[in-house]
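First, one chain by itself: the form predicted alone, in structure tokens.
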């Protein structure tokens, strides 16, 4: 899980650091976002995700480090790139006492749009994000999911090349979350690159590439499948009426890294070089009956838990 390898990129971050007094929120962070990709930025609460985005959007100045977007320094040449960046925060910045259409017009004008260009931009965003039926409604009357889509429309009125989304699907149901991600895919097809922070590991699996940070430091970086493969593990799920006995017996086997209960089953984590059939045969030999699934790669949740455990060991 080595560090980033720079290639053609929209955003390049190098050794970014932010300290608040004696507390280091972000430490020597380096990564890059490539053209027309969805880049996932993951980590537990307090990991430094929001602090990083606020620095990249000009809300906070870094203590040290560099960041370039679209060929311009984000900290010394921000004016040249600001109109080509979009930002959607965790808290919607919409104006509750205006309608959806009035909000889109307002934000479009802030980005310098007017006349036919403004009308065309509003129509395009209303169509892509399926919010045309909401146009005449006050924002205060909208559901969280509706506000989410309107906020995304507002933050992309100027068709930015680089879009920052900070926990955009927090607090919405699975259907609204799926619709939001479909909208993000459309924005990528429209030429945008997206950096999105999320706690949802199912969402993270949909990203082109990921960066995991903990305590402000980069812990893992790469494509989701490659990160799973780099763990050097295989996972086998088994269901059994005697699942607690099976868990206890499996945990004693030398080839079992962990045996975690999952409902009425057990999730076995094995080294990639181990023979799953030998482990299962041993368990059957103990008089345990079960139904196994085929071995598979670990999940991003497995990776996340491993990174947290490794981080605690180092602390």
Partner chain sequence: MWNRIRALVWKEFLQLRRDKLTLVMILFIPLFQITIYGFLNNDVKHLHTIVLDESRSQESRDFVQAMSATQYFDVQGEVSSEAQIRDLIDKGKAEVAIWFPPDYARELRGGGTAQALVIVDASNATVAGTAMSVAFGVGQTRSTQIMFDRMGYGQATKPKTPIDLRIRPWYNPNLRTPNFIIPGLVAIIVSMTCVMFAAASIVKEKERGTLDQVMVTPVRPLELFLGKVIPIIGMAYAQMTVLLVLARVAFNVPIAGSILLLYASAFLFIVAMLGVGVRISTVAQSQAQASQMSFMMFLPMVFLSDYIFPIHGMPWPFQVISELIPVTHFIRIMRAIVMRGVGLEVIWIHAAKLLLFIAFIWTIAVKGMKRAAA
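Values in this document were obtained by computation on a predicted structure and should not be read as measured data. Throughout, rigid core stands for the largest set of C-alpha atoms superposing within 1.5 Å between the two forms. Numbering follows the first chain given and starts at 1.
Omitted from view is the form predicted together with its partner chain, to which the following refers.
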Quick one: find which of 234 to 242, 212 to 220, 109 to 117, 168 to 176 has residues within 4.5 Å of its partner chain in the model of the complex by heavy atom distance.
-> 109 to 117
Could you confirm whether residue 58 comes within 4.5 Å of its partner chain in the model of the complex, counting heavy atoms only?
-> yes
According to a 4.5 angstroms non-hydrogen atom cut-off, is residue 83 in contact with its partner chain in the model of the complex?
-> yes
Residue 102 near its partner chain in the model of the complex, any heavy atom under 4.5 Å?
-> yes
Does residue 204 reach its partner chain in the model of the complex, with heavy atoms at most 4.5 Å apart?
-> no
Would you mind picking the one in 226, 188, 138, 123 that has a heavy atom within 4.5 Å of its partner chain in the model of the complex?
-> 138
Heavy atom within 4.5 Å of its partner chain in the model of the complex: which of 88, 142, 184, 192 fits that? Just give me the one.
-> 88
So which residues in 64 to 101, when you check its partner chain in the model of the complex, have a heavy atom no farther than 4.5 Å from it?
-> 79, 82, 83, 87, 88, 89, 91, 92, 93, 94, 95, 96, 97, 98, 99
Take the rigid core as the frame of reference and indicate whether the C-alpha of residue 137 shifts by 2 Å or more between the shown form and the other one.
-> yes
